[in-house]
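We begin with a single chain expressed as structure tokens, specifically the form predicted alone.
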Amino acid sequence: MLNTFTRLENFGHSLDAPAYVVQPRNGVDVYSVFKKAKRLGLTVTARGAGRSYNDAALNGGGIVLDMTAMNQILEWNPESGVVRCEPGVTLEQLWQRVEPDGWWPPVVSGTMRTTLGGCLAANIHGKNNFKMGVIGEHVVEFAAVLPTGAEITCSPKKNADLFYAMIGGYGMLGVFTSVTMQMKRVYSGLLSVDAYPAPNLSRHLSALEDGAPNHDYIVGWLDTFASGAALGRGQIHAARYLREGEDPNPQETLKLKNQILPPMIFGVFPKSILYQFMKPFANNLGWRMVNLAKYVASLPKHTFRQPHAAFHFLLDYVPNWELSYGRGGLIQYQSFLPKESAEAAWTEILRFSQKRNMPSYLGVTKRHRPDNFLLTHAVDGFSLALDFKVREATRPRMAGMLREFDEIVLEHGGRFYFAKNGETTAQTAQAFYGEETVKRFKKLKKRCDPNGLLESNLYRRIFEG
């Protein structure tokens, strides 16, 4: 069972760690791994699809539970929209099951390849966080196995302390074995999308703030190379569900064939090799040109209708797109700022990265609201996600720059999201979570995992560093 190491990577291919990989098929298997880990003096980490940009699903020298075999949709009620799934079910499996019946997952990530267990562990947010909150707000209940062998069921009213700590707890209290969620009713397979430019950061954030109340989703793309008066320029995509009766043929638009992203471009060119043609542009000059071209193309304001999957899962348009960044991979840095201080903080961060000649190649903005989860990353404000290419020669300088970003974010009352941000230290985590929150989490950790079996590289970095 534990004969050889397997070297695992994060999604960005910028971090790796060897581990013993075990694939459980039920809760009994999970507990058997805990017992073996205790005998051998090893730690355990659960891993879903491995889509985290940092070290959340890495456990150097320990055991990694590959949860992808626990991938059954156990119950689906198309009348109520309530679904119960095993944790290895992906968002792709979920939406393809519920969408033909007129439902959609209430919160999704930018890729459909993530597993529900991973989504809960990170408490993902989507382009509708300002309206629907994080995914945990739509969980009716979940079942989990603790390292003690206890099988628990949690909901907002039952074992509520564990409900609000395990969701967003990065798998450090227990391992999900089933998730029951409420889906969102939709009356069409299409969204109405408004696309319009934002000429600078101030207008960009104002557009997110002003556009959110009138839409169900809103997201911004930001030109990370623009400077001076154009700093923070970009494009806003604001979408709304079609109302009942607005789509003349919902039975057709809700069909899966009208949602699935095509594997070919123009019907002949396979997308699976497209990332190879992106590699020559994965440098400062190339991405400056790409960002400029994208902004120019965004200038005419327009409205169009788009299938749900096409709007949500932009990261799946080009398979293996992350490989275009080259051997060193990429790091994604995401910060969450109150609406009062976001512009000042991100102006400083964007200028800083340009001055250091280590610009981000992609920037994505969203509008957010607070939530009640223990290890929350949410604020009443905005988020900015930045992708950075990793080069071994400049990696130490980049790590230092990202830690300086952390100081800027903290100074402006911001927060972080640990499905990303691979350089953040324990001191920074303590500063934004607060001493009381960290104490509460560690108290629950001691109760659920008295022998300290559940650990990951992320846990050791932000809670024990």
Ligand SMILES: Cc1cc2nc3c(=O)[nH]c(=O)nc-3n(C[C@H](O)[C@H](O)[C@H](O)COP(=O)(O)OP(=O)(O)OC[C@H]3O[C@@H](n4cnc5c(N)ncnc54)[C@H](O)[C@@H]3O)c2cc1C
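Being a predicted model, the structure only gives us computed values, none of them experimental. Residues carry their position along the shown sequence, with the first being 1.
The same protein has a further form, the form predicted together with this ligand, not shown here; the description that follows concerns it.
Item to complete: Find the only residue in Trp346, Tyr217, Tyr333, Tyr170 having a heavy atom within 4.5 Å of this ligand in the predicted bound form.
Response: After the contact test, the surviving option is Tyr170.
Worksheet item: Of these, Leu384, Ala238, Val175, Ala198, which has a heavy atom no more than 4.5 Å from this ligand in the predicted bound form?
Response: Comparing distances to this ligand in the predicted bound form, the residue within 4.5 Å is Val175.
Discussion item. Given the stretches 435-443, 408-416, 45-53, 395-403, which is the single one in contact with this ligand in the predicted bound form, using a heavy atom cutoff of 4.5 Å?
Written reply: Among the listed stretches, the partner-contacting one is 45-53.
Worksheet item: Within 4.5 Å of this ligand in the predicted bound form, do we find a heavy atom from each of Ala37, Gly60 and Arg460?
Response: No: no residue has a heavy atom within 4.5 Å of the partner.
Discussion item. Just checking whether Ala230 would be counted as a contact of this ligand in the predicted bound form - the rule being heavy atoms within 4.5 angstroms.
Written reply: No, Ala230 stays farther than 4.5 Å from this ligand in the predicted bound form.
Worksheet item: Counting only non-hydrogen atoms and a 4.5 angstroms cut-off, does Gly118 reach this ligand in the predicted bound form?
Response: Yes, Gly118 lies within 4.5 Å of this ligand in the predicted bound form.
Item to complete: Give a yes/no on whether Arg367 approaches this ligand to within 4.5 Å in the predicted bound form, heavy atoms considered.
Response: No, Arg367 stays farther than 4.5 Å from this ligand in the predicted bound form.
Worksheet item: Does any heavy atom of Ile124 come within 4.5 Å of a heavy atom of this ligand in the predicted bound form?
Response: Yes, Ile124 sits close enough to this ligand in the predicted bound form that at least one of its heavy atoms falls within 4.5 Å.
Fill in: Those residues of 288-323 which, in the predicted bound form, come within 4.5 Å of this ligand by heavy atom
Stretch hits, in order: Leu315, Trp321.
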